[in-house]
Each structure stands twice: as C-alpha cells, then as structure tokens.
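To begin, one chain is listed below as structure tokens, in the form predicted alone.
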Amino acid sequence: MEKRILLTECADSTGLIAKVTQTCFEHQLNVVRQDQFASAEDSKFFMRTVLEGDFSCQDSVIRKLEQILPEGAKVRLNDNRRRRLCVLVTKEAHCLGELLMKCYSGTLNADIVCVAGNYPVLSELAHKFDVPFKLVSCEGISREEQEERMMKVIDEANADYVILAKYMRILSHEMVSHYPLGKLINIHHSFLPAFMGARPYEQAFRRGVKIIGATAHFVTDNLDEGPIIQQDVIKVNHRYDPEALAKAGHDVEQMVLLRAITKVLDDKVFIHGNKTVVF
C-alpha cells in the first residue's frame, strides 16, 4: 500500500487529533504514525500523520479538513516524490561530498540536479557523480549581477530546495526574498547564536571554547539568525589552534547538514515564527 504524509498546522483547540483521524478513517486511510505538538506560547498546533491506503481521495480529505479545522488551517498531503536539490558552494568540499554520496547511494530521497559555485574548484567533484556544475564567478562583475546570474541558475534547475553547502557569500535581501521561507538551507560552522558571521573558528579559539558545533538553519534576511533545524557539538581542548578547530568542525558540519536535510525531505519540519518544530 502507498504511504503518504499529512501535515496539519492551525490554531490549537480541543478535539483536533480526533477530527483528523476520523476524517482519515472515513476515507479508509490507515494512520501508521502520528506526531503532534501544541505551542503554549501562541496556541499553535502542529501534526505530522503518516497514512497508508488509496490516495485517490486526497482532494476530498483536504477539503474536509479545511472545513472542520479552525479557520486559517494549513493542510498538506505530500506527493511522495524525490525532491530536487541545487547546492551552492565555494571551495570547501566536505559538505558537498557528503551530500553527493548520500544522494548517489539512495540514502536521501532527493537528487542533486545542479551544483553552482563562485569558484571552479569543486567542478571535478560534481562531475564525478554526473552532476552538472555551473560557475557563477564574482570576478569583474557587481554583487547584484552575480546574484542575478546565480538566481537564474537556481530557477532553471527547478529546485525544491537550495542548499548553501559552505557557500561563503552573504545573500542580499533581493536574493533571499526571491524565494519562499524554507527553500534556502544553510550550514553555519558554529553553534549559533555564538560566533556569528565570519571566521568563527578564530573567534572560538580566542574565547578558549571547550566545544565547537554546527548549525543548519533556514535562511532569512538576518545573517545566521534564521529558524534552526539541527545543531550538534563536539568536544575540543586547549591543544586545538584555529586550523585544528576548523578540521574537527568539518565532521560535525556535514553531519548536521545531512540530518537537517533528511528531516526536511521527510516532512518533519514546521517553521514556527523564527523557530522550528522538528519531529
């Protein structure tokens, strides 16, 4: 039997779970798993329901739920297709390499349809996996023109998500606002909100930290302050100079980015203001 995921987001009230599950029962859809969360902060309700059955009735299910749930409810039944990823890079290979390998092995329910970089350094790596590489150089052109060319590459790739895999450029308001919130995902080489911006490992070294981490988040206009999807840390000590910290950080960066993308592809992430609900 086919499995699909039903996503529900609405104002909290009594009986919501019963309304959703009863509607699924009426359409002969079996509930395999269900996760829900109600935010006491603003009385918002989030639910992820894994369903099994014949989904020729999906339009009827959505209409019924929109009628019986609180006004303004967002209800979506995913289409279960492989997502299309466009990966933006500069010179560092570790995050791109991890994503290419996981897509190649089938671990991720996605295909990398394009790698775009502002340097040609990683073109050979992309080509090893038969993924097209687009060079969008910054040399000799304005920031605005470079971003216009990059957005054209992304749009032509028809990507569901754009992954900033160590893409060392600060995106302008124009580029960020060109895409809906939730489409751009960045990996930051720090445990945010600490050490934001450039050269975080040198900042961490000067502060004498005993842990370093990485943060995967959705991109917003506020630098490195978008809704956080995943974070993790590893232990370090006084023997680590900035270069050693950066090398140690590569493993946690690629691990956190992979976990975040997996959660997003599995429809386990709701954006809740400047936070996330992650099942």
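Start at 1 with the first residue shown and count on from there. Here the structure is a predicted model, which means the values were calculated and not measured.
Separately, the form predicted together with a further copy of the same chain exists; it is not shown, and the next lines address it.
Discussion item. Taking a further copy of the same chain as it sits in the predicted complex, is residue 167 near enough to touch it, meaning that at least one heavy atom pair lies within 4.5 angstroms?
Written reply: The answer is no: residue 167 has no heavy atom within 4.5 Å of a further copy of the same chain.
Worksheet item: Hey, in the predicted complex, is residue 132 touching a further copy of the same chain, heavy atoms inside 4.5 Å?
Response: Residue 132: no, not in contact with a further copy of the same chain in the predicted complex.
Practice prompt. State yes or no: in the predicted complex, is some non-hydrogen atom of residue 255 no more than 4.5 angstroms from a non-hydrogen atom of a further copy of the same chain?
Written response: It does: once a further copy of the same chain is placed as it appears in the predicted complex, residue 255 has a heavy atom within 4.5 Å of it.
Practice prompt. Decide whether residue 228 counts as a contact residue for a further copy of the same chain in the predicted complex under a heavy atom distance cut-off of 4.5 Å.
Written response: Judged by the heavy-atom cut-off of 4.5 Å, residue 228 is in contact with a further copy of the same chain in the predicted complex.
Worksheet item: Would a further copy of the same chain in the predicted complex be within 4.5 angstroms of a non-hydrogen atom of every residue among 102, 232 and 251?
Response: Heavy-atom distance to a further copy of the same chain in the predicted complex: all three under 4.5 Å.
Worksheet item: Residues in which of 80 to 88, 103 to 111, 139 to 147, 167 to 175 have heavy atoms within 4.5 Å of a further copy of the same chain in the predicted complex?
Response: Result of the contact check: 103 to 111.
Worksheet item: Exactly one of 54, 41, 59, 221 has a non-hydrogen atom within 4.5 Å of a further copy of the same chain in the predicted complex; which residue is it?
Response: Comparing distances to a further copy of the same chain in the predicted complex, the residue within 4.5 Å is 41.
Discussion item. Could you pull out the residues of 108 to 133 that have any heavy atom within 4.5 Å of a further copy of the same chain in the predicted complex?
Written reply: Read in sequence order, the residues that approach a further copy of the same chain (within 4.5 Å, in the predicted complex) are 124, 125, 128, 129, 130.
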